[in-house]
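A single chain, nothing else alongside it, follows as structure tokens in the form predicted alone.
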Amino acid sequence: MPSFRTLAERLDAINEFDREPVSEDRLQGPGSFIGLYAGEHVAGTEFVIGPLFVAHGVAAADLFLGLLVGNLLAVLSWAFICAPIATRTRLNLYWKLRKIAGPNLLFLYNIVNALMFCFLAGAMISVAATAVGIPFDMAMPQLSDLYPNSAGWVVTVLLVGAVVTVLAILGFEKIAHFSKVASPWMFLVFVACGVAVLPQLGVHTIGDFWQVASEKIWTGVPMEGRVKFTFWHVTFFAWFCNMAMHIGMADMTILRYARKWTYGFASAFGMYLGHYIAWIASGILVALALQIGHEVAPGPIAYLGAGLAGLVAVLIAGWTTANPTIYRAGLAMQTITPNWKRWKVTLAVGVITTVAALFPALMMRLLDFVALYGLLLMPMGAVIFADFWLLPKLGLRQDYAEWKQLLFSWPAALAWFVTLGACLLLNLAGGVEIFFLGLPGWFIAVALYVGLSLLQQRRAAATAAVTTAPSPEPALGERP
């Protein structure tokens, strides 16, 4: 099997700095991050999220202002919380967390993390597959479908999953290049979809837009059975829909390649192109679809706006979002299976993701899932932030688990579990909606980790002082 051996050897040779800092010669310029963020956040899922605001009765002014503020807060979170630590350590999230939390706690975190990313990437692949259904007259999954509904759906998902997995195996540079090539025209198609249908809604001049937006698109009246969203819902959703990436520190894995921490501001290209303009465009499309009784799934509404180009845009957008997500999940799983090469782990993750994508239920419940996965992973990002910036200022040691060769850091574990418990209590007893839990949760996790680390390290220092103190001199007449 010489050809297979050669391919395996070449894949083994791809070095993604899984357990060491990124070397100086592999750092990337700002263009890579602009392309990556624009590609990842101008995604097929924007055709799911944008209609959410229409369904929940957001008023036009609340939408435009809320997205402006919320996306700004997200960019600042990437730039001032995640990027500085990523560029100073040059480590991925998982290896940095191993130093803080110990290998046993990291094992638990990575299982949760990898599964969340697999399911998220699976939803992206499902969305991309819906675009294929239109030209081939494939039976599309319905909102109530939980299982694969046709052989065509299964074949399509398997093909899309295979392409996404191969690109993720090839590594960060290939992913960044693919996103850089795809994102400009993909964004233009998104915009074209929205603009093309405006005349059908009654917009014939620029002056008509605001009246139509307020009266026919974002009317302020929720659909039956939906909770009404306000300015605050929009702001916090835009800020925290990628909570795991910025304040949860998952993008340390990406930004460790940045020459400067200021490249964290490149996330603005993803936020304002994808989470502002693309969400607005998809809202316009779904408003028309509802008005004429058309299907509201991602593929059909893209086809409504731009025909075949819209379908291709949804397909590619799903790929460019799923690629870095599978890449992150592969790195997470590799710290669990250190003797496996990264490409083998990523291949296994790709298989799990593709199998998950076969089930439409994952895509149909995407909004609930996005809110939940960010909240589950966020506390460990707060632990990294506190360990890196706050502990040295208090005279405490960073990376304590590594220094003491601990297998399990109980301050990090309690910060994680107690924070999630507090968020659950706020939700159930206090009635705080899941979109708003990230902010108090982050401060709770930071306070818990700092306080418990102070207790842990002072007790250890006191024990060490007692153990090493010299024995008192024996009194006269006493036996030594």
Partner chain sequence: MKALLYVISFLGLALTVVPAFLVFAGAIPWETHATLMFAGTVAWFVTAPFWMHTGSPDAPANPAP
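Numbering follows the first chain given and starts at 1. Being a predicted model, the structure only gives us computed values, none of them experimental. In this text, the rigid core denotes the largest set of C-alpha atoms whose superposition between the two forms falls within 1.5 Å.
There is also a form predicted in complex with its partner chain; it is not shown, and the following applies to it.
Trainee: Kindly indicate whether F117, T253 and V370 are, all three, within 4.5 angstroms of its partner chain in the predicted complex, using heavy atoms.
Mentor: Checking in the predicted complex: F117, T253 and V370 are all within 4.5 Å of its partner chain.
Trainee: Is R328 close enough to its partner chain in the predicted complex to count, meaning some heavy atom within 4.5 Å?
Mentor: Yes, R328 is a contact residue.
Trainee: Taking 4.5 angstroms as the cut-off for heavy atoms, does W210 touch its partner chain in the predicted complex?
Mentor: Taking the distances in the predicted complex, the answer for W210 is no, it never comes within 4.5 Å of its partner chain.
Trainee: Would G220 count as a contact of its partner chain in the predicted complex, using a 4.5 angstroms cut-off between non-hydrogen atoms?
Mentor: No - in the predicted complex, heavy atoms of G220 and its partner chain never come within 4.5 Å of each other.
Trainee: Is it the case that A348, even though its partner is missing from this view, gets within 4.5 Å of its partner chain in the predicted complex, heavy atoms only?
Mentor: No, A348 stays farther than 4.5 Å from its partner chain in the predicted complex.
Trainee: Which one, T230, S214, Q200, N149, lies within 4.5 Å of its partner chain in the predicted complex by heavy atoms?
Mentor: Result of the distance check: Q200.
Trainee: Can you work out which of L391, V296, L376, A309 has a heavy atom no more than 4.5 Å from its partner chain in the predicted complex?
Mentor: By the 4.5 Å heavy-atom cutoff, the listed residue in contact is A309.
Trainee: Quick check for you: of 34 to 42, 421 to 429, 448 to 456, 59 to 67, which stretch puts a non-hydrogen atom within 4.5 Å of its partner chain in the predicted complex?
Mentor: Among the listed stretches, the partner-contacting one is 34 to 42.
Trainee: For 416 to 443: residues with a non-hydrogen atom within 4.5 angstroms of its partner chain in the predicted complex?
Mentor: Not one residue comes within 4.5 Å of the partner.
Trainee: For N242, decide whether the Cα shift between this form and the one not shown is 2 Å or greater, given a superposition on the rigid core.
Mentor: No.
Trainee: Spell out whether the Cα of N71 moves at least 2 Å between this form and the one not shown when the two forms are superposed on their rigid core.
Mentor: Stays below the 2 Å threshold, so no.
Trainee: Could you tell me whether the Cα atom of T253 shifts by at least 2 Å between this form and the one not shown after core superposition?
Mentor: T253: C-alpha displaced by less than 2 Å between this form and the one not shown.
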